[in-house]
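Encoded as structure tokens, the following chain is the form predicted alone, with no partner shown.
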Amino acid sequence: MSGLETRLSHASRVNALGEMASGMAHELTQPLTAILAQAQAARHLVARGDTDRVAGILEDVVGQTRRAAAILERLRTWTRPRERNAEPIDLRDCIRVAETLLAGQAAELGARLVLTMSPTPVTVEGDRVELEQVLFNLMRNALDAVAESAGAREVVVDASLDGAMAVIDVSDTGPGIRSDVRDRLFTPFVTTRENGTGLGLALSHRLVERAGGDLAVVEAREGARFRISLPLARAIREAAE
């Protein structure tokens, strides 16, 4: 089961690459365009003999290059099989990674990604890539849902603390979940998407459980709302003591 789960997790990441590609291209276009513009500006300044301003431009080039490298590193991390590595993780960082990967898709849909974050760290213990994958799956599903909406297209991710628990809600303004699949959403191969595999939610549920938490559908006034509940890292340590 463990080996099958690892292969399924890897396959899910690889299958997601096609949908991530447009978002990655969008994100890479920004730093590469900035690098080109700054390099041209530096060349123009050097030709004029105005070298004093070149150093500042080169610092910007370095920053944009590091940004592009970080985007590519996240893509490389997602595509390779890896051993599970539990560590303290601030879930706010995982949410920002998913936001970066999905920014292009959101822009194409004319949708807003709204992040409501706790001002203090929301630290749990788990595998960083697995939790990033869960959040990516939920946020991507939410964007797919709002694509069907004729009204406001909005995906809201709320990260908060509730006692000894970290709670993340992913809500959308889409059409909601059909009653005939609601109770089977986390069953493998159940999907409401035309080209969906029916594995994303099932795998996400299993990965959250493996981190000691729960993934559930909760009531929403409109659209759909998924809730991740995970014990805070300090609560795990205190229980062990």
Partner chain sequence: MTAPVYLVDDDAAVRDSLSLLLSTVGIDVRTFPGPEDFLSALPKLNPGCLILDIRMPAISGLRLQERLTASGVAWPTVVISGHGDIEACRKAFRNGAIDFLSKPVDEQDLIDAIQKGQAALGRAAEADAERRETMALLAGLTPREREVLSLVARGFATRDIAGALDVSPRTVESHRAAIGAKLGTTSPAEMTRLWIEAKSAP
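Note that the structure is predicted; figures quoted are calculated from it, not measured. We call the rigid core the largest set of C-alpha positions that still match within 1.5 Å between the two forms. Numbering follows the first chain given and starts at 1.
Omitted here: the form predicted together with its partner chain. The next part is about that form.
Within this chain, residue 32 lines the site of its partner chain in the predicted complex, having a heavy atom no more than 4.5 Å away. Using a 4.5 angstroms limit between non-hydrogen atoms, residue 93 is distant from its partner chain in the predicted complex. Looking at residue 178, you'd find every heavy atom of it more than 4.5 angstroms from its partner chain in the predicted complex.
Its partner chain in the predicted complex is not approached by residue 69, whose heavy atoms all lie more than 4.5 angstroms from it. Only one segment in the set 165-173, 143-151, 127-135, 103-111 has residues whose heavy atoms sit within 4.5 Å of its partner chain in the predicted complex; it is 103-111.
Of all the residues from 39-66, those having a non-hydrogen atom no more than 4.5 Å from its partner chain in the predicted complex are 40, 41, 43, 44, 45, 48, 53, 57, 64. Once both forms are fitted on their core, the CA shift for residue 209 between the shown form and the other one remains under 2 Å. Relative to the superposed rigid core, residue 63 undergoes a CA displacement of at least 2 Å between the shown form and the other one.
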